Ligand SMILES: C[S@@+](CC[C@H](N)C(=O)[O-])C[C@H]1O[C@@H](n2cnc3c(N)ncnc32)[C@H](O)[C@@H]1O
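Shown next as structure tokens: one chain only, the form predicted on its own.
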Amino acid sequence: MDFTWEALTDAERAQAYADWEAGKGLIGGDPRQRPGSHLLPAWGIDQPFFRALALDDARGDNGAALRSLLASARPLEIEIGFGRGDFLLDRAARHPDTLFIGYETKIKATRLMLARLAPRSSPLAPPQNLWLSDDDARFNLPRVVADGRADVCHVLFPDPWWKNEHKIRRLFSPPFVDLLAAKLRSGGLLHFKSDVHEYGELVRHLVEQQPDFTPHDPTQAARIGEFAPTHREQWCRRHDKPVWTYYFVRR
């Protein structure tokens, strides 16, 4: 595996952007090459669910509802790779006035999360301020969320893609960090965790090399406050495995 964090050459940086524009490394492939990508799946119609290329699917009001929320003044938090959704669901319940968007490329996990969001006649009913997508966030965010709109972006325990030939699938790259800088408002927060120290330091290097972010600042943990750990973090706690957490502020 290769988690080197030396400065990229101009050619390497240019190649990263070329791969990005070509849709290389997207989990599930490039939606632009997928037949029917302008339509929502039947199970997602009239649910708090969206895909970038299907916002105008006339079979439901998904796109109009999401656009209205994004046009409002509500704070916005985004989680990329919500997995089982424990952290995201808890956070949305704690902050009912905030709009939350969760991305998870595993369709089964997204459908299970939608089931958890189904209305229930109970005081513990899930929050109604949470929208989900199974798009790769690298494709969806530039097309759906306006620049400077997000207050917080959570990226918790992303797959490190261990093999060198899989490096292109890693979430963090120079163009991805540029994307986060564009979507976060001034003073917004990037909240990142990993149980792979080498990957954490690679991410730290990439983010701190981006001039729009301040260096990692542990005092920003207060902005997260109480939270429910992700499934991966629960596993780390049970097995006494270390977790590395980083906080970067958008200048």
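The first residue of the shown sequence is 1; numbering continues from there. Fair warning: this is a prediction, and the values are worked out from it, not measured in the lab.
What comes next is about the form predicted in complex with the named molecule, which does not appear here.
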* Is residue 138 close enough to touch the named molecule in the predicted complex, meaning at least one heavy atom pair within 4.5 Å? -> yes
* To do: Determine whether any heavy atom of residue 116 comes within 4.5 Å of a heavy atom of the named molecule in the predicted complex, and answer yes or no.
  => no
* Any non-hydrogen atom of residue 82 within 4.5 angstroms of the named molecule in the predicted complex -> yes
* Examine residue 231 and determine whether its closest non-hydrogen atom to the named molecule in the predicted complex is within 4.5 angstroms. => yes
* Asked: From the list 94, 143, 166, 106, which entry has a heavy atom within 4.5 Å of the named molecule in the predicted complex?
  -> 106
* The unique member of 182, 27, 224, 69 whose heavy atoms fall within 4.5 Å of the named molecule in the predicted complex -> 27
* Could you list which residues of 149 to 167 come within 4.5 Å of the named molecule in the predicted complex, counting heavy atoms only? => 156, 157, 158, 159
